[in-house]
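Below, in structure tokens: the form predicted alone, a single chain.
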């Protein structure tokens, strides 16, 4: 029997990038312990991190390549499966948009870099996307315009010393619990924590001040806060160095001054006088951290522009304890964008799949969740589908060829957290079935199709990606193996320090609700949301929470306020019919919550058919992420 040991690694279950130890004999993982010295997690793990050993020990693994014959998947050799992929994809015209790539935000940087090479150099396609990229592109575009590079400004460790922390939207205590815990600790030591959220979330309850605005008005409130901050400086004749010289300043200030306090209160439900008081606190802060959700439940572009503009206007962003960070719910969403596998405008694989007459005929997909498969019917009709993943799931049923991948900790790889911290996880556990790492699989496919990359190991892949990825030039596996990673260097971007204000338009949100459809439905995440994804469904304890929720609400739930429940004459767990204004419908249980405002309703994503059947017809609302509002009516079933 091998001796038990503790191996340091990076948790792969959200964009925080916590440090953890795996208790392992080198063959199997028996437990997890927190890594006390890690600068962000500091000896803490959330329920997902504490039970990641369950994921790494599951028997629901894909262990060999599979080929579909006569409707059934059968085992195959790598050579046979790769030859079939090469034969079928060679027959298609990638340049004409016939091949699509669907990457994973959980893949390592090395795997995504080689996947991008496979797509661009071998398949000759730019039709691509990342499973959880919705929202993050807007964050990157806004941040790059404001700060000159597409990534977070500052570090998550700034939370520990900041005077003022603004959380826009997201219930970060549930999406990224360790960050939420750090914010709570900051509030306890005296930092002012302010949350803008239309519902009374957990982080809102832990904040110094919660502004519970009407849905769809977060950006308006952030702009109003900027107007009040500007007014303080005007009265005090306080001219901040060079802020008024930044491109876009004059237009930005003109837009801010057009904000009407009366219209603001009518639209958001928040009085401008409250915002003026808040601006006094913001003005006094020496260091400021602003956090917002990015990814599938991210904010819309106008709201993100309002956030980055406010950050610039504070003139505190050069303080070492200031930051603006788009917080991702998936481990390597930032790194996936850095590696170039996101869907460029006009070349989105999601758009190709959703457009009935698009030329797409084949899909090469990596690690897709099985709970929600967008455009499932279209994927099923494609000529050829290749799927690669460590774990079995329903997406396999759509595939003609399936490749296994190792789990994290069965191979070396780097991951980039929400604040640009690049960290390495080494191989800590045997790869029991000898499956190829992603980069090695993609290299074999490339070689079969006439491209010889000559990578020897993961470190050699990283050395190549460091040469071609802005900000990564100074990094290597050897360097990242010391300490707790390193933020990629924004100075590599030509626009570094060329700060600019984003253009904004002041709009006063008008509720789309009507007398017939009087409820404003919001969609987002709940704590059990992440138990629906491909990884958490392979665990025991974390998934138990999800299963318990289903035990209480087998058909899912819609949260409404106690007053609305009384008006509707319904009680908790009663089934109701929910009708949208465009005719979609679902039957679902009521969950009565004092955290929800009257006239609003909330549904978490975890309901399987909600995305495909109920929400997707509201494409614009879906694109708005956390700011989406769908007018509905609720009737007793």
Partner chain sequence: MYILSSHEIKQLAQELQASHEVYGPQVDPQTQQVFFDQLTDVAALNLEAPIPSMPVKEILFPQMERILKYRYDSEAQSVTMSKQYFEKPKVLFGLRPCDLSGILVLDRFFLGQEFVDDVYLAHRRQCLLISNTCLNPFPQCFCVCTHSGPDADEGFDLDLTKLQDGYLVKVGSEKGQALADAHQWQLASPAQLSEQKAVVDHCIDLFPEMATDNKAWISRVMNRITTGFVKQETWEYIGDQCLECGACSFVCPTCSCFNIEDTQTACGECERLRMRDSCSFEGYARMAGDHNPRQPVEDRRNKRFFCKLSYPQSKKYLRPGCVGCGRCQWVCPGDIGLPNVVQYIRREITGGQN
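Positions refer to the first chain, counted from 1. Predicted, not measured: the structure shown is a model, and the values here were computed from it.
The form predicted in complex with its partner chain is left out here; the points below concern that form.
- Judged by heavy atoms within 4.5 Å of its partner chain in the predicted bound form, the contact stretch among the candidates 498-506, 78-86, 178-186, 212-220 is 178-186.
- Checked against its partner chain in the predicted bound form, the candidates 451, 205, 266, 567 yield a single residue with a heavy atom inside 4.5 Å, and that residue is 205.
- With the partner omitted here, the residue from 57, 64, 577, 580 that has a non-hydrogen atom within 4.5 angstroms of its partner chain in the predicted bound form is 57.
- Remark: residue 483 counts among the residues lining its partner chain in the predicted bound form, judged by a heavy atom distance of 4.5 Å or less.
- Taking the partner from elsewhere, residue 173 is found to have a heavy atom lying within 4.5 Å of its partner chain in the predicted bound form.
- Although the partner is absent here, residue 599 sits far enough away that none of its heavy atoms falls within 4.5 Å of its partner chain in the predicted bound form.
- With a 4.5 Å cutoff on heavy atoms, residue 28 counts as touching its partner chain in the predicted bound form.
- Residues 21, 23, 28, 29, 30, 31, 32, 33, 34, 35, 36, 37 of 12-41 are found to place at least one heavy atom within 4.5 Å of its partner chain in the predicted bound form.
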